[in-house]
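The chain below stands alone, shown as structure tokens; this is the form predicted alone.
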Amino acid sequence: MVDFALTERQKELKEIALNYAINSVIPRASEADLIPEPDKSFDWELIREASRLGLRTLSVPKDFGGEGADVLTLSIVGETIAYGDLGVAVAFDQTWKIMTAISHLTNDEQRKRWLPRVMDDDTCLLAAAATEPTSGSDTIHPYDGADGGIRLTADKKGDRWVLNGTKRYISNGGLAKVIYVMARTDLSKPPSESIAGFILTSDTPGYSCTEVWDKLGQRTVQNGTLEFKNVEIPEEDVIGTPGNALAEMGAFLTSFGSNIQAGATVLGVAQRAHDITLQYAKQRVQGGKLIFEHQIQAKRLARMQMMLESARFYIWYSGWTSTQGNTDARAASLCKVCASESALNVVQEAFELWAATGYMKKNPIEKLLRDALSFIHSDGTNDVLTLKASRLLGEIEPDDPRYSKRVELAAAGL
């Protein structure tokens, strides 16, 4: 039986995150959003404060001093932080889910070396470097030809691997101190057999962030271009099974909660859009009465709430299956699609109600709209995730009681 009641600890973490979002994140993020230089808008004090609250290290296993939070808990907290600002929430969510993946893919010796680095540095963020200038969606919905996919190379030289190439649009790029990177070990073989995962620190010789991208939304977090020039990685820092990183990426998106948590964060944007729009509608007078008293606007707000709650329940269901150790892979992809599209619809409805007032940068709706737009493509484009999920739809066999003979005949043209 699915129980949507939060545990006492989940309630406590949600309250901590909400106070942080409202009192610390919203005022600082509103100012940072207006800074024109994309490499100057990130607020490290927000990360330090979150570290003091225990939010940054939520997904670090308890044995290493973290919260050991599961996907559902991370989704709840991520949505709540995103209520304050999506960019700030993304900085944490990337750190959480990459830490979850690393915790699952590393051996005991690796965990003992790497997890304390995250715990001991109150500004340690993580990044996953997969997307490249010529490779993006074909890593998530893989094209398995040797001529496609990731082109950053990893050449074995004795007991070390030498990485060369470029990653692009990487969340936390330029901010992360620990980076998981995917590289090709043999460009003559298909990606399914030739991608390995490596872990490194940002001070590794040959590694650099060469560009911080100027973006429409999510301006409070950095997306960077990462260059690898003869970056040497010791054999002991290979993560997971060499050659199998493409399959491990699939687990990262589904079983390890990446898509689920991503969907949750963008709902925080939509929830804030709903809340401030409800307040505006109950205070703003037009046509001799409050906007809320006009039926079309009351209906608009009710539908916004409907879209929010239905998407949230889908996220929570997907997170719940993950906590049961039996992740619903189809739902894990589709719940992110549902959440991002619902969130964008909610913010657009809010934008419609605010009218010209919402278009002004002095007011918060235009920022929320810009932020919500980013998640149509973030953490996998919706088109690709939907296509990926379609492969899991299955079919109704003749011995299934739902099977229709009439449909069979119609399909045959009879």
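Each residue number is its position in the shown sequence, starting from 1. Remember, predicted model here, so these are calculated numbers, not experimental data.
Another form exists, predicted together with a small molecule; not displayed. Remarks below refer to it.
Stretch 125-133 is the answer when you ask which of 188-196, 242-250, 125-133, 310-318 has residues with heavy atoms within 4.5 Å of the small molecule in the predicted bound form. Out of the listed residues T100, S171, S258, S322, S171 is the one that sits within 4.5 Å of the small molecule in the predicted bound form by at least one heavy atom. A single residue from the set E31, D63, D383, D39 has any heavy atom within 4.5 angstroms of the small molecule in the predicted bound form; that residue is D383. Although the partner is absent here, H141 is a contact residue: one of its heavy atoms lies within 4.5 angstroms of the small molecule in the predicted bound form. At the 4.5 Å threshold, heavy atoms of S137 reach the small molecule in the predicted bound form. Of the heavy atoms in Q94, some are within 4.5 Å of the small molecule in the predicted bound form. Remark: S378 counts among the residues lining the small molecule in the predicted bound form, judged by a heavy atom distance of 4.5 Å or less.
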